[in-house]
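A lone chain, given as structure tokens: the form predicted alone.
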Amino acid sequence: MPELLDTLRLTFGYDQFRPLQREIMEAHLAGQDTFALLPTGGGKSLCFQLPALVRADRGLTVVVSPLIALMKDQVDQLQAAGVAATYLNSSLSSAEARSRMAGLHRGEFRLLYVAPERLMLPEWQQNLTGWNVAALAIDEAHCVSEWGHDFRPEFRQIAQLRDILPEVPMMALTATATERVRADIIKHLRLRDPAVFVASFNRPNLTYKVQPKDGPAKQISEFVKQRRHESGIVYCATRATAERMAEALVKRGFNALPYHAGLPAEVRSENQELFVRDEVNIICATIAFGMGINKPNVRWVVHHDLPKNIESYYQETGRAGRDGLPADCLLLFSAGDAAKQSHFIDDITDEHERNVARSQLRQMLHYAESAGCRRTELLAYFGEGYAETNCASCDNCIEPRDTYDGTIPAQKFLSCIYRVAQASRFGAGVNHLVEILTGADTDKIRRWGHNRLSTYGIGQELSRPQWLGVFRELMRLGFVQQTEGRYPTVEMTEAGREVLRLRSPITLTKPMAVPKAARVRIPRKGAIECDEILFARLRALRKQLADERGVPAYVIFGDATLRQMAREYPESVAEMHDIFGMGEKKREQFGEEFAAEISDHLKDNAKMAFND
């Protein structure tokens, strides 16, 4: 459908589709139910926004969204691009809601954003059948599934719309869902023989790094110092940590605010708004933050504490770099954080939930301590392979850790597992094995006679933390595994038995080390080189225009658009036709002011040359 690409260019200022977008739109416009799993920043919203503009019948697309802030955000962006869109939710006054309802009855809008509970009100059935609804889009569709990470019971009621609007095609969209969750979404929304689209989970513009936690306030300050003018999020495990981290950054001269569920609602809302509008560039938050924002220019995300599982980590890091430009993700790792989480897990009363949480924590620990490519590890979690041997954008690929001949310590550890099983007919946990190796004198060792084993005390050349590091390396290499349950024991795998029997050489990777000093930042892959002085001027102009209109700066233009202008120096509106992200309406509305700013800059500065 050529009109899809034409509308993409004219309205949104993009000259090509992202992966799977066109296929999703064409299946939807053909009247087929669709399920789309696209990663954060993969362009989900455009999949229903663009079809809404090219429909021959000019019908209404109803978008079901659970997030009030996100509704307003998307409608602001659509209206700035000249699209007739609106939303209805509890944030509106009764007069404003009536005015918008009247506009819907007159057929003035192409898109309506609404929360699921409002849709199911009895009086709305008549509205929906009278508004010429042409399509239904269910955003954040994982909320339908109790197996998802954000189950909301009210989403289950959406399936009733199939009876009210039986001929209307439905599109379900999410950024993260396992195969089980996907099947649950299709079942509970009653999608009919849907076209299913699953994009790659790879976020190539994100760089992933893990560092041992050693004075986190100082580490984060050093990290932020190199990114002083960039927006970023520090995720913390507790409200108290979020508060302390914000205070520590402010004391060091940074512009930071806390965000967590314990703050008064108006303070929380104001802090989020200040961040979204670039008044404050750092938010120190619990995981409650981020679901309701669509801020595309978050350039970094730091995890002060270990996330509970890889899915949460993927989601939270995914809030960086939504505009496609490079962004950095740093995780500070401490074995103490893992121990704290284990204690919380022990308090879970349901045995199945407890075992799932333990398994998820082990996967997260494996990721944090792995010496392999971080990107490969993340994608493998979602069942996706990664063809490259070196992603060139994670710490382990950029600066591989040193290895050493670990044959002797590995043999000692494996022999200890074997001797315990042989003598006791039961397994032991990793801490008990380390106590045997280091010759500890404990009640448990004496009671079970493990002080009489040939492996007792043979590992005193290494400390407890060093032996735990050897264990984790053997886990990574597949030579040992842990059982499920509250008291997991360590077992040798078949591969472990084989290397022990053959006395095969084993190479281990040294543990992560805390960087001694802040390194010089390497230019990030995919960055748009530009005149940074002009870029700063254009950012200031963008903020001024946004403040005048009461909208976030990115509603005017994204960073990629400003960077292209600061690279190509268009001094007239006519020269802006090929600028990324600048549709007709925005060019007409803002082009002259940005062209004048560029001309003014060139009065005192020469144009810079950039490599293609």
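Position 1 is the first residue in the sequence shown; the rest follow in order. Note that the structure is predicted; figures quoted are calculated from it, not measured.
There is another form of the same protein, the form predicted in complex with a small molecule; it is not shown, and what comes next is about it.
Checked against the small molecule in the predicted bound form, the candidates 570, 583, 66, 39 yield a single residue with a heavy atom inside 4.5 Å, and that residue is 39. Here the chain stands by itself, but in the predicted bound form one stretch of 45 to 53, 58 to 66, 570 to 578, 543 to 551, 45 to 53, has heavy atoms within 4.5 Å of the small molecule. By the criterion of a heavy atom within 4.5 Å, residue 322 is counted among the residues contacting the small molecule in the predicted bound form. Contact annotation: residue 17 falls within 4.5 Å of the small molecule in the predicted bound form, judged by heavy atom distances. For the chain shown alone, residue 309 is not a contact residue for the small molecule in the predicted bound form, no non-hydrogen atom being within 4.5 angstroms. A residue is said to contact a partner when one of its heavy atoms sits within 4.5 Å of a partner heavy atom; residue 176 fails this definition for the small molecule in the predicted bound form, lying far away.
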